[in-house]
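Just the one chain here, laid out as structure tokens, in the form predicted on its own.
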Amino acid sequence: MVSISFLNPLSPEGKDIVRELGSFEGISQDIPQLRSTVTHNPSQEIADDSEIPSNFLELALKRIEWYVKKKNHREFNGRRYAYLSDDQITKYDVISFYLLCQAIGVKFGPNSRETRVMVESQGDLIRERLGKLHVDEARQLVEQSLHLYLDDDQVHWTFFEELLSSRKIRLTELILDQGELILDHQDFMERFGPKIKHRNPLSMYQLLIGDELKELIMIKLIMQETEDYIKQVHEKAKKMVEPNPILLELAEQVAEVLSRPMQSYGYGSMGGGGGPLKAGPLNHQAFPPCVKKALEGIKSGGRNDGIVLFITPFISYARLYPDVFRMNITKRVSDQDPNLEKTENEVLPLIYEAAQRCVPPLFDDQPQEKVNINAKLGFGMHSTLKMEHEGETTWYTPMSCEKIKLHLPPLCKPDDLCKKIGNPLSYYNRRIWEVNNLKTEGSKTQEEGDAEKHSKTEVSGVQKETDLTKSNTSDPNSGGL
């Protein structure tokens, strides 16, 4: 029987495994049983010895590496990480989970990119493992996990306040009756069965709840508990004189995995715009037609969506994180702008100017939209940007071309390049790449021109020297033989 700690390391069984380990002593020593489990997994595909984790620390890094490559590698081969779904590694995996949480909590804290990757990777790994289990076994583990959190038959929706506020789950995903969560089949039938007409109540239960909703809630609860645990570690670390060096070293290795160039994950080029794009000052000439038109001011009727939902995400990502779609890694504004200087001095002024040019000016009759702009940047419903509020909402990504056509049709006046891309930010990145490429080619052309001139000068000099030699050797009065 698969242990519940295989899905939830924070379960009582998982905590028992950690207690049995006792200390950090020998944490980096090779574990022959782990290597044997990995190499003998029938689904495992191993390219070389470096792909085999030999100890707790290496397994911890493989967990993060799996997630990053899975999200970013164009030719990701899941069979090279098949051992992560093998319940035979449970006790090693649980230790590696705690090591990761503690390393990230000590070094980076709860609001870091490393924490978000850890939480998201744990959720993805649970889904992966559930998909490899037999249906009945998976269902039983989900029921056991839910029982740890929902030990009361009647759970009010406010129990999920933390999940809802962190946007890990939406209220519309829950089935409620008088504010109480409905998951159990019998409970569903008693409450809704008599009210369902012309449909099979059992089919409705399977459609609305079934295994899918239970799995979703269980996964999100474990993700939230993982995040809470990292917060606890971070708070305790503040009181430490000096954190364990093993954790600090592991944290640095996690950061290294996350910062590896995308070329190592198969991202060498993109439609002629090769290489990752670095954030830099905005180039207005590279803006797509829709953005240029919106910055000139939007007439009444499309002002709110145009400024809050369109211009705010576009300007902020173009300035701070233009490579978001290629990198495919969720970040916060502070990850790219730690002091919020660029956001407050470059991003917001441009957005406000566009809002002022609207007819009528947006903030004149709707000043609350400044709060909505902050919310779309990820700082919650507050009038000012403060780090303590970041994460209360999501940093919205730029609206796609299809959505612009649908919601803001007056802005969509496509040019030739528009027909080749699907998002205004992709347009901007392509134009920026073209400008940079032209500069490079221009520089090369200049260098080639200088080289050609230099070559001609050298050839000319050699020619003169040769002529002079000929003259000297052929003139009997030159002193030659």
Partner chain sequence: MYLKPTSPNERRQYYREEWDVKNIPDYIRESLIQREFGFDHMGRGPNDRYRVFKNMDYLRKFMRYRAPFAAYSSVAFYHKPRRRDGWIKAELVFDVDAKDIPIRSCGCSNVCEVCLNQAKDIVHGLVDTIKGDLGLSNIHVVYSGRGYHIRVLDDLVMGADSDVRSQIVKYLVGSDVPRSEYSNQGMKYNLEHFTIPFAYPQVFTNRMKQAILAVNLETEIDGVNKNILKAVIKHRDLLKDHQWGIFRKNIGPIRYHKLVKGIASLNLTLVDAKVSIDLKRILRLPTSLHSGVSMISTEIKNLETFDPFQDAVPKFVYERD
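None of these values were measured; they are calculated from a predicted model. The term rigid core refers to the most C-alpha atoms you can superpose between the two forms while keeping them within 1.5 Å. Residue numbers count along the first chain shown, from 1.
Although not depicted, the form predicted together with the partner chain is the subject of the following passage.
Novice: Which residue among 345, 154, 158, 259 has a heavy atom within 4.5 angstroms of the partner chain in the predicted complex?
Specialist: Answer to the contact question: 158.
Novice: Using heavy atoms only and a 4.5 Å cut-off, determine which of 195, 278, 284, 238 is in contact with the partner chain in the predicted complex.
Specialist: Partner contact (heavy atom, 4.5 Å) among the options: 195.
Novice: Among the candidate stretches 94 to 102, 239 to 247, 170 to 178, 223 to 231, which one is within 4.5 Å of the partner chain in the predicted complex when only heavy atoms are counted?
Specialist: It is the stretch 170 to 178.
Novice: Is every one of 207, 305 and 409 within 4.5 Å of the partner chain in the predicted complex, counting heavy atoms?
Specialist: Checking in the predicted complex: 207, 305 and 409 are all within 4.5 Å of the partner chain.
Novice: Does the partner chain get within 4.5 angstroms of any non-hydrogen atom of residue 134 in the predicted complex?
Specialist: Contact with the partner chain, no.
Novice: Against the partner chain in the predicted complex, would residue 321 count as a contact residue? Criterion: heavy atoms within 4.5 Å.
Specialist: Residue 321 lies outside the contact set for the partner chain.
Novice: Taking the partner chain as it sits in the predicted complex, is residue 301 in contact with it (heavy atom to heavy atom, 4.5 Å or less)?
Specialist: Residue 301: yes, in contact with the partner chain in the predicted complex.
Novice: Does at least one non-hydrogen atom of residue 413 fall within 4.5 angstroms of the partner chain in the predicted complex?
Specialist: Judged by the heavy-atom cut-off of 4.5 Å, residue 413 is in contact with the partner chain in the predicted complex.
Novice: State yes or no: after fitting on the rigid core, is the Cα displacement of residue 119 between the shown form and the other one at least 2 Å?
Specialist: No, residue 119 moves less than 2 Å.
Novice: Superposed on the rigid core, does the Cα of residue 175 end up 2 angstroms or more away between the shown form and the other one?
Specialist: No; that C-alpha moves by less than 2 Å between the shown form and the other one.
Novice: Would the C-alpha of residue 40 be classed as shifted by 2 Å or more between the shown form and the other one after rigid-core alignment?
Specialist: Stays below the 2 Å threshold, so no.
Novice: Closer or farther: the CA pair residue 399/residue 116 in the predicted complex, versus this form, with a change of 3 Å or more?
Specialist: Closer is correct, given that in the predicted complex the C-alpha spacing of residue 399 to residue 116 is reduced by at least 3 Å.
Novice: Indicate closer or farther: the Cα atoms of residue 381 and residue 234, in the predicted complex, relative to the displayed form, with a change of 3 Å or more.
Specialist: Here the pair is closer than in the predicted complex; there, farther apart.
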